[in-house]
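There is one chain below, alone, in structure tokens, taken in the form predicted on its own.
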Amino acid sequence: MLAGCSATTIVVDGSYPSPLVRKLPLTIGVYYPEELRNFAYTEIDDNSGKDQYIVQSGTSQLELFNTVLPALFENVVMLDSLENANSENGIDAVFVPEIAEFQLGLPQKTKLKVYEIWMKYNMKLSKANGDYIADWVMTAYGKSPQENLQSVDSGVQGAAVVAMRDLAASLTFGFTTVPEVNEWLKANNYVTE
């Protein structure tokens, strides 16, 4: 009876391949807000109204960004606050990813034979002095098939890793196509295309 009283914690742990792309000649300062670093989503049990699953993915999300960003830019500088960003330390721009929404689809609730995760991010790019460059939304989706012996933990893990790899691909190939980012890159001769 006591087992039904506490939520199951699922800590997302995945590996993310480094993309093979031509690096942009930029030094990017990266700031991870506390909400992203410690991100946890709580799924509520529809019957009891109590916490059913807690999905902790902050560490895995940082691993993803720490793999993708050095592949995209010549230099990446981790910032412990936005106040530490300035052009005197060679930073061309500051990138701040924020998680805006997280949804979890469990087979027992959706009646589908897959675990699903959908995430929505708000990506921000500013000059070192804080002036606006771009602010855009990116979404990521992942699913993992429900198998006979697959636990909820491994199903959620699988869906989360697929969603974050989806985000990695979108960021890698979509960064320079964000209109404001592309305009800024061209205006500063970072790209000529």
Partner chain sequence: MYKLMLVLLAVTALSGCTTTEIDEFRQGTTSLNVGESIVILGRRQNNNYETEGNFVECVANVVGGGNDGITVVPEQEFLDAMFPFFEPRTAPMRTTHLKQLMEIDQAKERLAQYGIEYIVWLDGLTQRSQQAGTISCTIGPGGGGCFGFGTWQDDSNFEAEVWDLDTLESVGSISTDAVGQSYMPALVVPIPLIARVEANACSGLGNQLKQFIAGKG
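From a predicted model like this one, the values you see are computed outputs, not experimental measurements. Positions refer to the first chain, counted from 1.
Keep in mind the form predicted in complex with the partner chain is missing from the figure; the text below concerns it.
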* **the partner chain contact in the predicted complex: Pro70, any heavy atom under 4.5 Å** => no
* To do: May I ask you to state whether Pro17 is within 4.5 Å of the partner chain in the predicted complex, using heavy atom distances?
  => yes
* Asked: Does the 4.5 Å heavy atom contact test between Val11 and the partner chain in the predicted complex come out positive?
  -> no
* Asked: in the predicted complex, does Ala140 have a heavy atom within 4.5 Å of the partner chain?
  -> yes
* With the partner removed from view, which of 122-130, 39-47, 159-167, 25-33 is the stretch that lies within 4.5 Å of the partner chain in the predicted complex, judged by heavy atom distances? -> 159-167
* Structure fact -> Near the partner chain in the predicted complex, with a heavy atom at 4.5 Å or closer, the residues from 41-77 are none
